[in-house]
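Here we start with a single chain on its own, the form predicted alone, put down as structure tokens.
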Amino acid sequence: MTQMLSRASKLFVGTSGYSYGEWIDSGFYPSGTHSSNMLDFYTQIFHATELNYTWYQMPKAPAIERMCTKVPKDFKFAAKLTRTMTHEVKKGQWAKEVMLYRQGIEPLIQHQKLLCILIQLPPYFKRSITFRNYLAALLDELAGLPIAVEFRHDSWANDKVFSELERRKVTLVSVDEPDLPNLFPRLDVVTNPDLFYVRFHGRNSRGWRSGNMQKQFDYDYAQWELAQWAATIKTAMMTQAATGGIFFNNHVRGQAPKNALRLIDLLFKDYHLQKT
């Protein structure tokens, strides 16, 4: 069900991906759950998810179509842009990749399941002339789609960048990650009145640059950390955008769904909950 707060944004809260074997061990999925049935269980609890696999491989329309028919009417997907347009860009080929990507995610648009396209940029993607020009060209090619951009390098934390995103009505992704040199800081800047977007990666400073995802994203948010974010989201973000996407990427040991449910409780505390 779509969750709404009176006097505020429509919120879509969930996790980055949903198919994790360790979530069975943690108790989120029932014992013996097959990976093919995880989405069915997931949609009974959350009403949105990020599609991780579209970063690893180009989405194909038939597979996306099948996925659209499995979820409830008001369920939304945030589809990650494939890595051939962010991390493994080949000069002269990336525009064709955009075309293939558009074709692949078309069912999300047709079924009104698309929350946005998530552009994850790598840590080495600094605010240089070369990368600025590429990002501008990429956004031009993706024009007409709802876009959210996640920066990992702190050189993009700049008012000129925010102003350009505002001009394009592109969403700046607010990230919660460790306080480490050169990492993009935690901000509550809203650049798109249609959508704000928050991603929780965890604050595991020791494991962040280990090269091991199981260590990097192994983090369980404390209640006070989630309470701080709930206050920020309610006072600084929900008042500026019609819709909000909030996703937890600290998937190790089932921490993401647990933290997402805690945040939902905090966000809807003291508000009248409407379900449509």
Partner chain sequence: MSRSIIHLNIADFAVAVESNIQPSLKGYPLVIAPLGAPRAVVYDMSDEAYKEGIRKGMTLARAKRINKKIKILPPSFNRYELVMKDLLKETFAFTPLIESGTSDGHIFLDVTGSGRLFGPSVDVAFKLKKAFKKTFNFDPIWSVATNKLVAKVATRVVKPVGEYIVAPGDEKAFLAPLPLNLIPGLIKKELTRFFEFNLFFISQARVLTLEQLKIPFHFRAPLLYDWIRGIDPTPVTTSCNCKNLSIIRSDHEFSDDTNNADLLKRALYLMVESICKTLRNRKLTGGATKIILSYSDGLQSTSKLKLVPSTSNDMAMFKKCVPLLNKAWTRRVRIRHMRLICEKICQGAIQADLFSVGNKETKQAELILAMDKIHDKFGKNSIKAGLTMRVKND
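Numbering follows the first chain given and starts at 1. In this text the structure is predicted, and so the values were computed from the model without any measurement.
The next section is about a form of this same protein that is not shown, the form predicted in complex with the partner chain.
- A residue is said to contact a partner when one of its heavy atoms sits within 4.5 Å of a partner heavy atom; Leu266 fails this definition for the partner chain in the model of the complex, lying far away.
- For Phe41, no non-hydrogen atom is located within 4.5 Å of the partner chain in the model of the complex, even though that partner is not displayed.
- For Ala222, no non-hydrogen atom is located within 4.5 Å of the partner chain in the model of the complex, even though that partner is not displayed.
- In the model of the complex, at least one heavy atom of Arg83 sits within 4.5 Å of the partner chain.
- For the three residues Lys113, Leu121 and Tyr134, a heavy atom within 4.5 Å of the partner chain turns up in the model of the complex in no case.
- Out of the listed residues Asp194, Asp159, Asp179, Glu88, Glu88 is the one that sits within 4.5 Å of the partner chain in the model of the complex by at least one heavy atom.
- Stretch-level contact check against the partner chain in the model of the complex with heavy atoms at 4.5 Å: of 223-231, 42-50, 29-37, 236-244, the positive one is 29-37.
- Heavy atoms closer than or equal to 4.5 Å to the partner chain in the model of the complex belong, across 59-75, to the residues Lys60, Ala63, Arg66, ordered by sequence position.
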